[in-house]
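So this first bit is one chain, no partners, the form predicted on its own, shown in structure tokens.
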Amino acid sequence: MNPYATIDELGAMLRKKEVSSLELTRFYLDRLEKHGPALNAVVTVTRERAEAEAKRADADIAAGKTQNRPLLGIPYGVKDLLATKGIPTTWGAEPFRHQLLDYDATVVNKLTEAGAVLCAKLAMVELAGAFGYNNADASFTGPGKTPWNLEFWSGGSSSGPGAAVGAGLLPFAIGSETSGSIITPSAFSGVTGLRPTYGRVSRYGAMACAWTLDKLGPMCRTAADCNSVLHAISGEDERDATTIGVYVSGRATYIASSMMADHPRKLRIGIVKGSHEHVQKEVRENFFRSIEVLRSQGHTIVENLPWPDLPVSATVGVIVDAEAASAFEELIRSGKAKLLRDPSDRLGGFEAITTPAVDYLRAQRIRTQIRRELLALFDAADLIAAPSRATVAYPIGKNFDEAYKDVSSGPSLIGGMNLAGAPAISMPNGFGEHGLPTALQLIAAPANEIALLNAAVNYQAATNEHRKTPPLFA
């Protein structure tokens, strides 16, 4: 069996009864147990629950209850900040290693309704990086490792989902992003990851890092798979007020990936001035090759979009500090933050909790201006393209600020577009130093996932980098 098969390919096999969900589930459970430790990617393998859910999926398939259920019988994992009843939800942090919650997060409930099979709680950077970690070794599970080279990081804070999907331990996983935590591990681990619009997916039952920035989204083999998962997990939830009214018709905005492929849209794709200048050589070369693919598909490339001269990174930093300090106030004041693994995390909470209210309010006011100027970019372009990251994955054992010193920062697209609540997708587009993957990022205006996914599905129809697999985990 091919561990790197897509959701669509596995679903076809299940519906043709070439394999049962139980057989498929046990195949991936065995891979999780065999390879998960080498990648530091897994916290808990949920074998008992998975086998029970797989048997229910097989019963539905036998009864013909398959219509509009592309995830029926498909195994998956979730970042270990999502509540799962009776299964530890550790938040990647030593103080919460044995935490048990008595309910499932909304996203988990929705996937259960869709017939997907929960196989694992996946590793993450402790507290989703709330306190400013500076090293890959920032979880009680150890540093997440990219399946392409075990001496390098899988990316954070969704390190486990990135590594697990990248190594073919699962067909898809749910990650979270506050400011880069889906885009980065997708790029470093060589998978396709979607950050939805803020408010599109309920966060009920998810650990809060920063309430006004946090988002949940799929990490998969392909953009088409991301589209299928997004359909299953999106929609309003009265237990998460940020979802109310974001989409007037809820899930009715879904368009099947096959329809997107049959009806490609011709879009204006913009490039922000300076976004490809301060990057590694191979990252730049692969980005320009991606742009030529997009141009060959009939898209118009709009160059030199202006980036606002505003303190994007500092604004994100103040907001995360203040909101994370509030979320983890008890942990900080109790002194248990000293049990965290990364030295920066042990001290970061104490610094964050001293953030003055006036600084937080000023940052939110500046955020409004940043959002307004960034959304104005979409007057000139339907989508924005950029390298997902300026470099390939960071080496394990070095602090982040000591790696790749020859690469300086350009426009902060990840931070800025998270402030704006805009969706983005990261897709593999080649390889760079040390045989590590690079990636293309496409960004859309809020609530415009259909155009974003249309372009992404058709881009991958014309390329094959997303089909390449790490030889270590064949």
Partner chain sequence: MKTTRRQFAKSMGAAAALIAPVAHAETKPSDAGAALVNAEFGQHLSAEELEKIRKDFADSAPLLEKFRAVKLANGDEPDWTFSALAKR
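Positions refer to the first chain, counted from 1. Keep in mind that what you see is a predicted model, and the values were worked out from it rather than measured.
Not pictured, yet referred to below: the form predicted in complex with its partner chain.
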Worksheet item: Do Glu236 and its partner chain come within 4.5 Å of each other in the model of the complex, heavy atoms counted?
Response: yes
Discussion item. Even though the partner isn't displayed, in the model of the complex is His299 close enough to its partner chain, meaning a heavy atom within 4.5 Å?
Written reply: no
Worksheet item: Could you tell me if Glu292 has a non-hydrogen atom within 4.5 Å of its partner chain in the model of the complex?
Response: no
Worksheet item: Quick one: is Lys281 in contact with its partner chain in the model of the complex, heavy atoms, 4.5 Å cut-off?
Response: no
Worksheet, complete the sentence: As a check of understanding, the residue in Leu150, Ala241, Ala376, Leu339 with any heavy atom within 4.5 Å of its partner chain in the model of the complex should be identified as Ala241
Practice prompt. Let me know the one among Gly86, Pro264, Pro311, Gly274 whose heavy atoms come within 4.5 Å of its partner chain in the model of the complex, would you?
Written response: Pro311
Response to the item:
Testing 111-119, 88-96, 74-82, 354-362 against its partner chain in the model of the complex with a 4.5 Å heavy atom criterion leaves exactly one stretch, namely 354-362
Worksheet entry | Residues in 319-342 with any heavy atom within 4.5 Å of its partner chain in the model of the complex | Ile332, Arg333, Ser334, Gly335, Lys338
